[in-house]
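Single chain ahead, written as structure tokens, the form predicted alone.
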């Protein structure tokens, strides 16, 4: 295992060393010590490597991830795993707002709570939150799945496209064009598979499903107040 201490090296040095693995992989396992909330740690990775970050991180940790498997042993700041393409990111704590924003693929697991706009404009990523999510989560969600084992704040799924949303707890309110939907066998199977991938043990029958009403896809003058 390669260890880099951010009290002795810069984030730029760390990221360059991780980016070099896409050209020639010399080390599959990496450990990052003393991150101390610094921003942009482990961004833009493009290799099947494992990165353990031993502490809290700042903004945009693991952004644009591709192939790598990143674990944050602490809380994560705004935009963790934003624009992720593949691989996985696990936060062993809470995540600030916009977790998984615009992400196209991969798996994001948040073992604590997530702030506002979790999964905003998500485009194929699967997000599993063991705690609760803040307001406007999954705003303009286009594809993928959001699983919330706790509660959801105001305006869940506002202006939703085709993301699948599963919530075990209470939903404070639904956003425009987001409605409760029937939980059929195929959805129970999908949810079970997502929870298994995330390593989360929950009763799938306790969840409710939410999705798009498909009323805002095209402009209709009668819906002006909802836009």
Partner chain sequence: MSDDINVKPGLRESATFDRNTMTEIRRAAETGIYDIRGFGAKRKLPHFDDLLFLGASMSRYPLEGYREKCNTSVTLGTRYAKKPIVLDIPVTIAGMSFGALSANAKEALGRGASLMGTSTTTGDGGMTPEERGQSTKLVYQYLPSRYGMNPDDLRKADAIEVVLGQGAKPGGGGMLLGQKITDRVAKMRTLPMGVDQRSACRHPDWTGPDDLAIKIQELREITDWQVPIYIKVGATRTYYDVKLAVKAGADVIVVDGMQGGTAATQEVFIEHVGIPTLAAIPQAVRALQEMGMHRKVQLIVSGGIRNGADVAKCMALGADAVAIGTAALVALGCNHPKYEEEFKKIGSAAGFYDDYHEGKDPAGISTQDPELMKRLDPVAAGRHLANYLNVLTLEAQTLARACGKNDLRNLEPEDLVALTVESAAMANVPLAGTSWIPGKGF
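Since we're looking at a predicted model, the values are computed, not measured. Positions refer to the first chain, counted from 1.
This next part talks about the form predicted together with the partner chain, which is not shown.
Asks: State the residue from 149, 155, 101, 109 whose non-hydrogen atoms include one within 4.5 Å of the partner chain in the predicted bound form.
Replies: By the 4.5 Å heavy-atom cutoff, the listed residue in contact is 101.
Asks: How about residue 43: is it within 4.5 Å of the partner chain in the predicted bound form, going by heavy atoms?
Replies: Contact check for residue 43: yes, within 4.5 Å of the partner chain in the predicted bound form.
Asks: Looking at the partner-bound form in the predicted bound form, is residue 120 within 4.5 Å of the partner chain by any heavy atom?
Replies: Contact with the partner chain, yes.
Asks: Using heavy atoms and a 4.5 Å limit, would one call residue 187 a contact residue for the partner chain in the predicted bound form?
Replies: Contact check for residue 187: no, nothing within 4.5 Å of the partner chain in the predicted bound form.
Asks: Look up in the predicted bound form whether residue 216 has a non-hydrogen atom within 4.5 angstroms of the partner chain, and give yes or no.
Replies: Residue-level check for residue 216: yes, a contact with the partner chain.
Asks: Within 4.5 Å of the partner chain in the predicted bound form, counting heavy atoms only, one of 158-166, 179-187, 195-203, 28-36 shows up; tell me which.
Replies: Among the listed stretches, the partner-contacting one is 158-166.
Asks: Each of 113, 128 and 207 within 4.5 Å of the partner chain in the predicted bound form, by any heavy atom, yes or no?
Replies: No, the candidate spot makes no contact with the partner chain.
Asks: Counting only non-hydrogen atoms and a 4.5 Å cut-off, give the residues of 4-39 close to the partner chain in the predicted bound form.
Replies: Contacts from 4-39: 11, 12, 15, 16, 19, 39.
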